[in-house]
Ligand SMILES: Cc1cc2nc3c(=O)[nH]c(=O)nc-3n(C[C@H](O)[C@H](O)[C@H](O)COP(=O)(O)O)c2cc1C
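Okay, so here's just one chain, in C-alpha cells, the form predicted alone.
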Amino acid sequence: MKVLVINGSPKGSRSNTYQLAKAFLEGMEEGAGAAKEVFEAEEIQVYRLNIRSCLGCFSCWDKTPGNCCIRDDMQEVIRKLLWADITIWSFPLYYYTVPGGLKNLIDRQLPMVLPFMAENETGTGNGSHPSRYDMGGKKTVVISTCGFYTAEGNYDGVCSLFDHCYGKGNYTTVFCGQGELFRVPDVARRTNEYLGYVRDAGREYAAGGIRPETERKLEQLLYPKETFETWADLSWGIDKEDGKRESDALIFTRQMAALYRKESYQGREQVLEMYYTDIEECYQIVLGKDGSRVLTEELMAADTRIETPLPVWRSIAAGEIRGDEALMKQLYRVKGDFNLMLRWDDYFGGTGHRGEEARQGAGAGKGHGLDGKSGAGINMPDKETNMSIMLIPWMVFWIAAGVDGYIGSFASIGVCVLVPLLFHRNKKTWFDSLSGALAGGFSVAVLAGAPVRLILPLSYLAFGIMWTATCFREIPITAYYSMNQYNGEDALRNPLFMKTNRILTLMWGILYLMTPIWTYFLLGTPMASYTGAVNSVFPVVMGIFTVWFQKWYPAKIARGE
C-alpha cells in the first residue's frame, strides 16, 4: 500500500487540516499492519515547492507530449502521483475552494491527460480528456477543515472540482467545520476525541471502507453552533458593542462561560467567581436555566470562588498540567461550594456527544481532574467494579455463621459459588476473587469442625488485613470501587482522589482489625447469635463518615488548609 499525502495548506505542518490527515494516515498504517500489508507513505508540502502557474500553452500535448515546458517541481509531483496507490489531498477551505498554491498544482496535472476528446465518464459536466496513464485501481481521499461551524453546504466548489477530476462517488471525503479549534489548547480534549475518530476512519479505510458509525461521528459538530460562534467571536478580543479591546482574562472567562451546559442546571442559579490573583481581576459566571452570563461589575454573592493566577488556569485548560495536581501543590485555591468543582465536566462539558448538543469538554475545566477527568480524555471501562460483590461472601458468612455455624457455612459456600455469575455485568477485581476464596475457606474450616468463636474473629482479622495492606500498595481498595463515581480508571491518576481513598481505606482497615477483639468476647456470651447484627452498626457509622469525608477533605485541600 503506497500512500501520498499532498498538504495544500500554506501553513505546512502547522495546518489544522494536516492534523486530520496525519491521524487518518496513522490509522491507515495501523490497518495495513493488522492486515500484514507493506505500507509506504510520502508527503508533499505544497508551500515548499516551486510550482508556477500553468501557461495554457498546451506544449505538454503537442510539442513535448506528457512533459510540461516549465521546469520546476511539478515533474516530481507527477512522478509521485503515478507512484501512489492512494492519494490524500489535505487542505483548508479558502473562499469555498482550495488554496491558490494547491490550485496551481491541480492545474499543472494537464500533462497527465491526452488532448483527445472523450465521453465524460465522471458523471459531472460534458466532455473530458482520457488519461495518459493507467490510473485504474488508484484511490483518492479528500480531507479538509473550514472556519464555519459546519462543513455542510460549504464544500460545493470543492466537490465540484473533485467530481470533475475523479467522478462522483469515486473518492472519500472527511470535511470538518470549526477547523480553527484544532490549534486551541483549551479544547484539546474534544479535538483529540475527533482526531481519534479520524484515526479510526483511516484504519477502516485501509481495511476496505469507513463504517457508517464512524462516518456519523465524523459528521458531528465539535461544539454546538452557538458555542463555537461565541468562541470564534471572542477569539478576536474585541467587544462587539463598542469595538474596544478586552483583557485576556475577561476573554478567557467569557470563553469558559460559553462552554456551560444548561442541561446541568440544578434548579437555581449558581455563581462561579474567577479571581485572577496575578493581575487582580475578578469576574463572575452566572450559571442559569437558559445559559450563562458573565458579570464584570455589580458582582453577586459567589457560591464558588476560584483564586488562581491566570497562567495556571490557562495551563489547566490547555491540559499542560492536571487540575488535581495543581490543587495539591496549592497553585490555586477554591472557596465556597466545592460540589461545583466535583461536577465541573457536567457544567462545562465532558467527552463524547449526547444528542445534538455535543457534550464535549474543554475550556478551563478540561483536564481539571477534580472529578477524575483528565485532559487525556475518558477511559471508562465497559464494566464497572462493584463493592457489593466483594462484600456479599463476607456478610453472609459473618451473619449466618454467627447464628448457626453449620448452616451458615453452607450458605456462605453457596454464595461464593454463585457470586462469579454477577461478573457478566461487572468488572472483576482481585479483591473479589480473594474475598470469595477467604470466605469460602473460613466456611470450610467451620464445617471441618473448627470452632466458630475462633474462625469468625479470624475472618474479621483477615478482612482488616486485606484492607490495611492495600494502603501501602499503589491503589488502595476503596479506590478500585469508588472510581466509578469519578470517571472510571482515569480517577486513579488523580492524586487528590487517591489520597482521600488511602485515608479512608486505612480507617476502614483499622475498624476491621479491631472488630475481632469484641467479636471474640461477644461469641462467648448469650449475645453470640447477634454478633453479626452488632458488627453491622460500626460499618454503618463508618459509611456515613465516609460520605462526609469524601466531600469535606477535598474541599479542605482546595481551600489551601
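Since the structure is predicted, the reported quantities are computational estimates derived from the model, not experimental observations. So that there is no doubt, residue numbering starts at 1 and follows the sequence shown.
Below, we turn to the form predicted in complex with the ligand, even though it does not appear here.
Stretch 90-98 is the contacting one of 300-308, 411-419, 90-98, 164-172, since its residues have non-hydrogen atoms within 4.5 Å of the ligand in the predicted bound form. Interface residue remark: Pro476 is not counted as part of the site for the ligand in the predicted bound form, having no heavy atom within 4.5 Å. Among heavy atoms of Thr145, some come within 4.5 Å of the ligand in the predicted bound form. Although the partner is absent from this view, Glu180 contacts the ligand in the predicted bound form, with a non-hydrogen atom inside 4.5 angstroms. Heavy atoms of Lys11 reach within 4.5 Å of the ligand in the predicted bound form, making it an interface residue. In this stretch, 289-328, not one residue has a heavy atom within 4.5 Å of the ligand in the predicted bound form; the partner itself is omitted from this view.
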